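A single chain, nothing else alongside it, follows as structure tokens in the form predicted on its own.
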């Protein structure tokens, strides 16, 4: 019996296992948010947040919306693919409430 890990599962764990990625996705479950809002909510550095958002955007999980206003407003939101992670995030939330101390 082949016990090797599925390449898709391995890729998913690699992506979701990156520091701050899960927190960014969890934060965006509340709806579209601006960069500074995400940054202050989860306490991530701007440089790392920028990198993670670019990674998530290239994977089709996060969408970057630019509004041509003055000043320009940019919001990040989850795509349909990103919203597909909501049940997983809610399950992790429930598990953490039941099994982890604050």
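Positions refer to the first chain, counted from 1. Predicted model, so just to flag it, every value in this text is computed and none were measured.
As for the form predicted in complex with the DNA, it is not shown, yet the points below apply to it.
Residue 19 within 4.5 Å of the DNA in the predicted bound form, heavy atoms: Taking the distances in the predicted bound form, the answer for residue 19 is yes, it comes within 4.5 Å of the DNA.
Exercise: residue 46 in contact with the DNA in the predicted bound form, heavy atom 4.5 Å: The answer is yes: residue 46 has a heavy atom within 4.5 Å of the DNA.
I'd like to know whether residue 51 contacts the DNA in the predicted bound form, with contact meaning heavy atoms within 4.5 angstroms. Yes, contact at 4.5 Å.
With the partner left out here, check for me: in the predicted bound form, does some heavy atom of residue 26 sit within 4.5 Å of the DNA? Looking in the predicted bound form, residue contacts with the DNA do not include residue 26, since no heavy atom lies within 4.5 Å.
Does the trio 36, 64 and 71 actually contact the DNA in the predicted bound form, every residue with a heavy atom within 4.5 Å? Yes: each residue has a heavy atom within 4.5 Å of the partner.
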